[in-house]
Structure formats: structure tokens, C-alpha cells
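Two versions of one and the same chain are coming, encoded as C-alpha cells; call them structure 1 and structure 2.
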Structure 1
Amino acid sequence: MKLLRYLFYRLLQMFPIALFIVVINFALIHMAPGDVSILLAGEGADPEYMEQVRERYGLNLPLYQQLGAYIGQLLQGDLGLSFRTREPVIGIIAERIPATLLLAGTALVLASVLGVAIGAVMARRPGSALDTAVTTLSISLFSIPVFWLGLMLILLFAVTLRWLPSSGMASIAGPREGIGYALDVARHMVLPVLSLAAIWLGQYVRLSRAAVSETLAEPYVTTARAIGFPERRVMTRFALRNAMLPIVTVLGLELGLLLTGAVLTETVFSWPGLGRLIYEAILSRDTPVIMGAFLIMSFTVMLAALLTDLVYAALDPRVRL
């Protein structure tokens, strides 16, 4: 009952936040320079036709009326129609989300698992040559721009060595079902996953090393060792579990940004995900698609924050919902 009550109150708190996000999202998009009607009607269009276009899309209405109409659409679960394709925005976004989740989710799992494991091992060997090398490498990975790393991986593995494909999610002439299709998609995932995971890996290695090092210095860890607990049990039951709180914080933020964190990577590798869709929508000034994508990404961050709080309470009994 306490958990259900907490969830109820948190969901109530999300309503004003969601409304604020909708208003800010709408205002920022409409404050951008340029006239959308010119893009819809075409350069040099007849003024009378331009006015018809504005009237058709409601662009001739005052801004507050456009906002009211947009909120009314959202309450009905309607994100509008794309200016470019005239298809429902919610359907366009739904088609792209699986590709983004596949790419960013794989990279996040790979980076977090390897990063936490490497950081925990390095925390037991502070100041060693290996610790110094791993620390330097992790800082370097975290500092590298993701688009530059992606381009370098393409240059090395796709252009020079010709081992892996450079773009897309699947080969044009490749299989479209079965194990052959899965293997083809896996080959296309290697480079974008590596470029995205490498940036996150450096972050998790540094965070895990610092958190585990701090936990290993706590008195209860010393007491556990004095009692005679095996070192592996000391690490897994006492040190690593209590060191997971700051890691869960960052992981929750990354989970909330899962749909947004691959915009540059998807653009570099022409990956047909949500990030690529946002890039294309910005170039074509497809306002409904931009607002719909930003709205869904904002709600994802809110839900990830709620999930992070619940995981906090499960890991540390001292945290009260």
C-alpha cells in the first residue's frame, strides 16, 4: 500500500510537469526563426495559396489558440500529422523507436556491465600501473566526441579494412527474415554500438572505481573481512551493492536519455532510429514530428526518474519512499 500510494503521488506530480514540458516545447519550436508556411507552400508560392496553407494548418491563428488546439490533440492521444509525409506522427515515431532501443540499449548494457566490473577490479588495485592505464584510457574515451569516434571507426573498419558495413541497419540485397537477417543486423550494429558504448564505458569505469574505493574504506567492510568473509563475498555483498547507488543514479539518467543519446551516432551511421528522424525533421522543419519526438523523450526521462527512485529503495533500506 505504501508503494502504491507513493506511485499515485508521483504520478500526480507528473501532470503539472508534463503540462509545463508541453508549453515550453511548443514555445521553443515556434520561436525558431523562419516561416513554416513557406516550406509547406514552397519558395515563391502565390500569396493567396500561402494564406490557404496557413489556414489549413492553423498557422494563421494566434499562438495561444494554436497551443490550446495542440493540447486538445494531445489529450486525445493525437500528436498530429507530419508536414512532410502527411502521416500520423505517433506512427512515424513508433516505427523508429525499436531501432533506437536496439542500438542504444545494447550499448548501454555493454558499457554499464563492463564499466562496473572494470571499475570494481581497479578499486582493489589503486595506484598500480594497470589502474593508471585504465584511468587514462577511461578519461580519454569519455572526452572523445561521439561523432568523431564514429567517423574514425568507419574510416578504419569500413573504408580501410572493409571488415564491417559503414551505414544502415541491414544490407539492401540481404535477407529480410530468419537468422540471416539477424546476423546482418548484428554486423551493422557493431560500429555504432562500439562508438556509443565507448563513451559511456569511460564514465562507468571512473564512477564505479570511485564508488567502490570509497565503500571499501568503510568500517563495515573492514569488520566483514575481520570476521572471515571471503573476499569475493565482501565485494559482492557489502562493497559493490552499497556502491551501486551513485551508479544507479547515472544509469537512471542514461536510461531516461536512451531515446535521445544516439542522435549523433544515428546520424553518422545512417541508423534508422529516432535520432535520425529528429535530424531529418529539423532539416525539413517538420514541426509536428519535432514536438512529438521531444515530448516522448521528455516523458521517458520522467519515467526513468521514477524507476530510479524505486531501485534506490530496493538497494538501500535507509532510503524511504
Structure 2
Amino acid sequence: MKLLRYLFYRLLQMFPIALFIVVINFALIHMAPGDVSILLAGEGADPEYMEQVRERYGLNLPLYQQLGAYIGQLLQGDLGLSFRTREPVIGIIAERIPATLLLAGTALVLASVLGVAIGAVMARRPGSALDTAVTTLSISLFSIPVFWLGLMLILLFAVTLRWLPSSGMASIAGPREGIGYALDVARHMVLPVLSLAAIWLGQYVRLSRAAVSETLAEPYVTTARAIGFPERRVMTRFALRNAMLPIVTVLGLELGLLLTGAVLTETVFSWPGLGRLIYEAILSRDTPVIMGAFLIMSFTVMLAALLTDLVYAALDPRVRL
């Protein structure tokens, strides 16, 4: 019941944010040079379709009514039609999401688990030479342009060593289902996951190192040690558990950043996900797709923030639901 009320409250809070994002989108379309109907319908669209688009978005109406019409369309889940394929943008995006989830999810799990573990270990000896080295290294890691790292991995593992495929999600003539397919996809995933994870790893190592060392300095950790808890237990039960709070927060807040990395990685590896879609849309000036992707990304990030809050609340009893 409390949770429901909290959810309601948070969703209510989301409303102005969502509206704001939609308005930004709307404003950008209208501020951009060129005819709005061309932006929405696509260049060289036949006049009949153009007229349809004008009708749909009420482009002949005053601006505020247009905004209303635009929001109305969005509320129906209508992000318009891609002008390259004339299919509903929402469907095109939905089709690409699983691939992105697979790539980004795997990399995220890998990077966060490994990153938190390494960071926690480093936090045990803060200021040591190893700690300084790892901190410096992790800063360098997340300073690498992800697309460049991807290229270098391709150069090494696909071009030079020929161990792994350089691009795509599955072999063209490979199996389409079963374990063979899974293995094939796994092989294709290695390099993109590696480049994405490497860069995020740097973030998580730093984040977790800071959070854990901060927690280890807390008096309740001293209490735990005075009580006689073995260090391993102090680490897991007290330090890590409490350090998860800031880690979860940053994880949630930085989802947008993560997705950015995913777009660039997908471009390098021609991974058929959302990022690749956006890239293709940019190449073909498929404005409806770019806008749709932006909206979907924004809402995803918003939902992630909500989810983060819920997880945070579950972890921290001090948060009043």
C-alpha cells in the first residue's frame, strides 16, 4: 500500500519530466530549419502522404494545438512513420531493443560485478601503490573513446588474429536457432561486450572504490570490528551492503551515459540494435526515427531512475516510502 502510494507519487513526479522532454522534442522540430512536414514525413514523400502527416500532427493548426496533437499521437504510442521504410517508428524501435538489451545488459552485468569487486578490493588498501595504479588505470579506461577501443579490438582480434568476427550479431549462413545459434551470437558478442564493459569497468571500479572506502571509514564498521566480526564479514555484510547505496544511485543516474556508449559500440560492430538504428537513421535523415529513439531513450532513463529509487528504498530503510 505504501509502495503503491510511493509509486503513484513518483509517477506523478515523472509527469512534468516526460512533458518537458516531449516539449523539447516538439520545440526542436519546430525550430529546425526547413519545413516541419518534410521533417516528419521525409524528403521526397509523395504529396498524399505529406497531407496525411499534416493532418495527423495538425500542422495547419496554431502551435499550442499542434503540441496537443503531437502529445495525443504520442499517448497512443504513435511515434510516426519512418520515412525510409514507412513503418511505424515504435515497431522499428521495439524490434531493435532486444539486441541492445543483450549487448548492453551483458556488458553492464560484467562491468558492474567485476568493477564493484575490484573497487571493493582496492578500498581495502586505500592510498597504496596498487590502489593508485588501479585508480589511474580506471580513469584512463573510461577516458577511452569507446568506438576507438572497439576498432582496436577489431584490429587485433578480427583482422590480425582472426579469432573472432568483427561485426554483426550472427553469421549470415549460420544456424538460426538452438545452441548453435547461441554460440554463434556469443562469439559475435565477445568484442562489443568487451569494449563496452572495459569502459564501464573503469567507472564502476572508481565508484565502488570510493563508496566502499567511504563506508569502511564509517563508525559502524569500527563497531563491527570491535564486536569481533571477521573482516570478510565486515566487508560483505557492512561495507558492501551500505556501499551499494551510492553505487545503485550512480548506476541508475548514468544509464543515459551507458546508452551513449552502446550506440557508439553498436555502430562500430554493426550490432543490429537501437544504436545502430539511430546511426542508420542519421545517415538517411530519418528524423521520425531519431526523435522516436530520443524519446524512448529518455523514457527508459526516467524509468531507470524510478527503478533506482525503488531499489534504493529497498536497500535503505531510511528512505521514507
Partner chain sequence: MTPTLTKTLRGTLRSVPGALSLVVLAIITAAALLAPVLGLPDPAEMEFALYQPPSAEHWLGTDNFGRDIFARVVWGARVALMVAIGAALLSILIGSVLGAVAGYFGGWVDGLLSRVFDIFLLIPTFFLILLIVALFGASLPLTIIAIALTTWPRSARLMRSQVLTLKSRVYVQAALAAGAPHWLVILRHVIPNGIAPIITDGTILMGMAILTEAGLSFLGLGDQNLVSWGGMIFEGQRHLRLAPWMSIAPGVALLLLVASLNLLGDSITFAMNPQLRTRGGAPKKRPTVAPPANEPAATTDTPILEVEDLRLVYSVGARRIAAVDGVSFTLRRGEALGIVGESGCGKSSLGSALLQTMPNNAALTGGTIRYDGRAIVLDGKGVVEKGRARIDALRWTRIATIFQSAMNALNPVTTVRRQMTDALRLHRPGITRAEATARIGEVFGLIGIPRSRMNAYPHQLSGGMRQRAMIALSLILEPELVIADEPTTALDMLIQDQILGEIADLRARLNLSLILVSHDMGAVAESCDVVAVMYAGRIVEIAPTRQIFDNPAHPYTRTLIGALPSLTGPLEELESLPATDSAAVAAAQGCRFAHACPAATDLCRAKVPPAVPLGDGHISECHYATSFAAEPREVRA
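As the structure is a computational prediction, the values presented were derived from the model and not from experiment. Throughout, residue numbering runs from 1 along the sequence of structure 1. Rigid core here is just the name for the largest C-alpha set that superposes within 1.5 Å across the two forms.
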Pick one: which structure is the form predicted alone? 1
Taking the rigid core as reference, does E55 move its C-alpha 2 Å or further between structure 1 and structure 2? yes
Is L67 one of the residues whose Cα moves 2 Å or more between structure 1 and structure 2, with the core superposed? yes
On a core-based superposition, does I29 travel 2 Å or more at its Cα between structure 1 and structure 2? yes
